[in-house]
Every structure is written in structure tokens, then in C-alpha cells.
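A single chain, nothing else alongside it, follows as C-alpha cells in the form predicted on its own.
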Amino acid sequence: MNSQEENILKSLPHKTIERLSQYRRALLFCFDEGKTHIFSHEIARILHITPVQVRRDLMLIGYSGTLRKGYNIQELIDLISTIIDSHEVMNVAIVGMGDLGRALVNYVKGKRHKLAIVAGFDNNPDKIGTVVADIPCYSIERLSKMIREKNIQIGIISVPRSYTTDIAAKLVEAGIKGILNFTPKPVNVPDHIYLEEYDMLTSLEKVAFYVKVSQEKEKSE
């Protein structure tokens, strides 16, 4: 990759990166169904966005299709993979092996060959020493040691909110490079650590809001 290409990738908006991941997921599904080419309006329909947005994002990464056949699915999957995947496999740990943590292990494991969940952590004696989908669960007390030994770069937090701040601090101190926070409590991390926070309740409330708007519209008609 030359310096011009590197500058383009560094300037990609965060929302574009997020959509590129969604595009790849949709493309992989279509490819598994035997499809070889796809048009922007087909991708847009799958992801509930506009064809203009799809074309704009793909232009940002320097890819264009043909009027007759659209985008080559395999080529586009490969290009997106070179952009959002690391050269080496990134190891991931999940802190909090309750129902959500175990569900995340089962959902993520094996989905992306450049992302590998290699450890889980918990403070519950009943969970420490157990194995979920071949992933061992260690004591929180061993978090720093195991992160260094297993070269873990990404930490997923799925603990009760009262532990969120402490766990985030432990991950930062252990040398983690990125955090995905699945708890409803926001955390502060140093600028050099990428933080993504996802609150399922907020997403549910967003859906509920639009359902309410739809219902009120139906009543007024």
C-alpha cells in the first residue's frame, strides 16, 4: 500500500468504516447464495440505506462497478477486507462471562478470521476455569498477565455497570489498544485507545420510539 492509499484510508469517516463492515457481511451472505455481482440498489435494500450512500462509500475506497453487471462481489469483499482487517490476527478478550459474555463468544467466534477471541475473564468462582466454545475463562486477577501473554489487543466489557469503570481502567493499564463497551455506563479512556460503546437498551428505545411514531400516525389517519 502506497502513501496515497494510506492517507485515503486514514481519512475515511467512522460511519463509512462501520458501513463497510455491514457491506461485507451482506456481500458474504449474497456470495454464499451463489451470487457473483450486485448493484448498489441491492446492497442498499439489504441494509436499509440509499443507493447514493453505497456508491459514495465505495467511491471513497476507490471501487466502482459496471453499468451492466454492477459490483463484483468477490473483488469487493477482498477490497473491504484489506481496508478494515489487520495484517495479523488480533486477539480479543471478553471481561464478564455472564449470559451476555457467553453469547458474545458464541456469536463472534469463527466469524472473522482476523479476529480471535482467546480468553474470557470473570470474578465468579463458578465461571472461572470453565470453557465456552473452546475459550477458557480466567480470574479477573489474572487479566493483566494473560493480556500480555496472549498478546490481546481488544477488550470487550460485558460486566454489571458497577464494575465498568474499574474494568476499563484495568484493561487500559494492561496495555489494551481498543475497547468495546457493552454496558450502559460510559467510560473515559486515553486518546490512544479506541473506544466503541454500545447500549442495547438505547437501541431498543430507538426502535420503540419509531414504533410509537408509526402508531400515532396510524391513529391520526
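As the structure is a prediction and not an experimental result, all values here were calculated from the model. A residue's number is simply how far along the shown sequence it sits, counting from 1.
The form predicted in complex with another copy of the chain exists for this protein as well; it is not shown, and the discussion that follows is about that form.
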Quick one: in the model of the complex, does every one of R161, E197 and S203 get a heavy atom within 4.5 Å of another copy of the chain?
-> yes
Just give me the single entry in V54, I156, A168, I38 that has a non-hydrogen atom within 4.5 angstroms of another copy of the chain in the model of the complex.
-> I156
Could you work out which of I83, L76, C137, I147 is the residue within 4.5 angstroms of another copy of the chain in the model of the complex, going by heavy atoms?
-> I83
Using 4.5 Å between non-hydrogen atoms, is L58 touching another copy of the chain in the model of the complex?
-> no
Taking the shortest heavy atom distance, is V131 within 4.5 Å of another copy of the chain in the model of the complex?
-> no
Although another copy of the chain is absent from this view, report whether R68 comes within 4.5 Å of it in the model of the complex, heavy atoms only.
-> no
How about N124: is it within 4.5 Å of another copy of the chain in the model of the complex, going by heavy atoms?
-> no
Would you mind checking 154 to 184 for residues with a heavy atom within 4.5 Å of another copy of the chain in the model of the complex?
-> I154, I156, R161, K177, G178, I179, L180, F182, P184
